[in-house]
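Presented below, as structure tokens, is a lone chain in the form predicted on its own.
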């Protein structure tokens, strides 16, 4: 994994005026100069001034590589390659003894290039680069050969071919390493201020955490109040507090904190810049305000799916969604009901949306237990009767219309009263997803309360009809292999959370991706779950997918920690793997600017392309599309890549 930058013990003093960040214009240079105020490690001479001495370390990776590649034979072959001064194998190169071997070999054999042939560079390249720096070698004189994913794993049954391919991959890396030159990373100042988009539990948690670390925060909420989707909930699945009692102190702390500026009824109009220096425009009730920030946290939340036309929703008055049911409970307007049917996966898992909303099962169980534990209060002393219920929910979506519903609590209880004389609750499900030990205990508690769980399949979906003034759920019992009928006073539909309709617009403004389901897409599900590929922008809560309150708070705190790291340091060091423009060749056609996915290239006043080092990710889109061949990627120049290709072709001829 990429090592996290360490936060200094003394906080960076905040200034009233944000520091001015210069635009970085990359000049074609062979070796960037070292900052005068920073001590740079000794780097070996370039190939023009001294003989190349390349060290190669081949990893067994236990049996991941060694079980399918003849590693000793590969090492012996590597020793015969030009400019290779040292080669050896390691059982685990990423272990401490393997890292020590690299440090010692650099010093003992005076190595000025290092190649590690092992597993994926995404997780291990920063580790090996750091070891090279510790030994006094510039980190950009390191090259990685991936012989696990690209070799042993795809040739598990072809050991001879896997061994030959490993030799070729390392030979190509040696050819490229011979042309590597030292690079110097550039420093860019960071504005010690953060922008949080969204005022739900995730955004509130993130804003408060960043503010408590001593940084200014601008919290933008499009509604007129804070709290987000949680305002609609009656209770939480875990814990004794109600949803309102849980979120109210958090809102009060955010509103009272001196470092937080809350913008209600507001939206982010535009965003430009890069990590450390984002220029944003916030629009509040028609008036605009320019705010310069160093980091951005996206916590825009999610909405409830409206199942129009499914299971009688919108046709029968007493068919409601989970959120509508929560609002009825919270407002004290829940009618007198005895027979309740919950239907899971309404609109999700292929019915309309492809994904599982994860939290619906737990929420349905929570509400079923609420009915069971508060049954006497719900029924009152007069028994079941017809009542008028207002279930308009403007908090959920502007697409909803206000309507009056008549809910009948009379009717036949099927399949018969429980031994305790309590409510009859049935949860129709495709399968029950109660992830986590606490939620599984919750599920077992529901079964102890005689809440029935009836499984259905996509081939035999339940059907909701109305006979007279009573609801009827017709279903196929998978265990008994027979058609059954159940009368219910109320049918509650468990619908998924969906991305808000303005998510696509925000993704364009921030230049961040959204997935096929409409939620924001993180950089990596496991390695960078709350980061975007665009540095300095982070995501938390249901903006990245369905999540419960506990997860949303944890992610909010995580993004606060990630956002605070560059602000506390006061600067960021941009990787030297950047686009490099030759101003003598560039014609200023703008093709690179149009194709850069990170907005890292723009035309200067002189009409030639210039690169913003802090925003550039070294993806190569600009170089690949430049019609004049005026752009090279540092550390991935045309000469270096061609040298790799030629070495592979020589082996094939």
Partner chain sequence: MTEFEPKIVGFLCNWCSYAGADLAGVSRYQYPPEIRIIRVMCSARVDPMIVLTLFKEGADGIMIGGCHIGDCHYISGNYHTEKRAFVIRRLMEKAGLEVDRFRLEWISASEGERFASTVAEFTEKIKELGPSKVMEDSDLASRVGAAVDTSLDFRIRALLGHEVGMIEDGNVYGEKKTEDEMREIIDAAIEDEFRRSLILEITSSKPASAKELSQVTKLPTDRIVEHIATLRQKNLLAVDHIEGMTPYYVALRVGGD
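Residue numbers count along the first chain shown, from 1. Computed from a prediction, not measured in an experiment: that's the story for all the values here.
Missing here is the form predicted in complex with its partner chain; even so, the following discussion is about that form.
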Exercise. Hey, in the predicted complex, does residue 435 get a heavy atom within 4.5 angstroms of its partner chain?
Worked result: no
Exercise. Is there a heavy atom of residue 156 no more than 4.5 Å from a heavy atom of its partner chain in the predicted complex?
Worked result: yes
For this session: Indicate whether residue 604 is a 4.5 Å heavy atom neighbour of its partner chain in the predicted complex.
Result: no
For this session: State yes or no: in the predicted complex, is some non-hydrogen atom of residue 50 no more than 4.5 angstroms from a non-hydrogen atom of its partner chain?
Result: no
Exercise. What stretch, of 253 to 261, 518 to 526, 88 to 96, 461 to 469, brings heavy atoms to within 4.5 Å of its partner chain in the predicted complex?
Worked result: 518 to 526
Exercise. Taking 309, 316 and 334 as the candidate spot, are all three within 4.5 angstroms of its partner chain in the predicted complex by heavy atoms?
Worked result: no
Problem set entry | Partner contacts for 341 to 375, taking its partner chain in the predicted complex and a 4.5 Å heavy atom cut-off | none
